[in-house]
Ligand SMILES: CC(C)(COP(=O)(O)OP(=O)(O)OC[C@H]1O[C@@H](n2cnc3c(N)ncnc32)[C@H](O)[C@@H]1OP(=O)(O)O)[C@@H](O)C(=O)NCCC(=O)NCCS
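One chain follows as structure tokens, the form predicted on its own.
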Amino acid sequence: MQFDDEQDPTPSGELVLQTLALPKDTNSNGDVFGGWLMYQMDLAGAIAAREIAKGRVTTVSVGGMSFLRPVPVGGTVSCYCEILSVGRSSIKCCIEVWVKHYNRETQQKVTETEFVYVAIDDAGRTRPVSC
């Protein structure tokens, strides 16, 4: 599914992470690798989940994702996080990735998916979020 520029919705959630797509993050066509985008999304989700858990968290699942458009080198990549639910030890959030090209005024949605994190103690065991 590809969005037209005029039909792009606005990002959902809070801006948690913003970075620049560099040549080292791209394939031979100058577009960012999907795995690099997933890495950025996981970082953003972990930052948000850690704030809620008040401590260490780890990723336990990632939903399926589709990429709506390529991210070129030089694009500003923004990860937005919306907390969907908080359980006894888990935190589920939706992470959206948006890109802004240096020569455009608006950003475009690239992908989104759900991440689930679990709060853990120093030994790596599950702990309640409220600890």
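So that there is no doubt, residue numbering starts at 1 and follows the sequence shown. Here the structure is a predicted model, which means the values were calculated and not measured.
We do not show the form predicted in complex with this ligand, though everything after this point is about it.
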With a cut-off of 4.5 Å between heavy atoms, is Thr58 one of the residues that contacts this ligand in the model of the complex? yes
So in the model of the complex, is this ligand close enough to Thr76 to count as touching (4.5 Å, heavy atoms)? no
Against this ligand in the model of the complex, would Ser130 count as a contact residue? Criterion: heavy atoms within 4.5 Å. no
Using a 4.5 angstroms cut-off on non-hydrogen atoms, would Arg104 count as touching this ligand in the model of the complex? no
Answer among 32-40, 68-76, 85-93, 45-53 for heavy atoms within 4.5 Å of this ligand in the model of the complex: the stretch 85-93
Just one of Ala21, Val118, Val110, Leu17 has a heavy atom within 4.5 angstroms of this ligand in the model of the complex, so which one? Val118
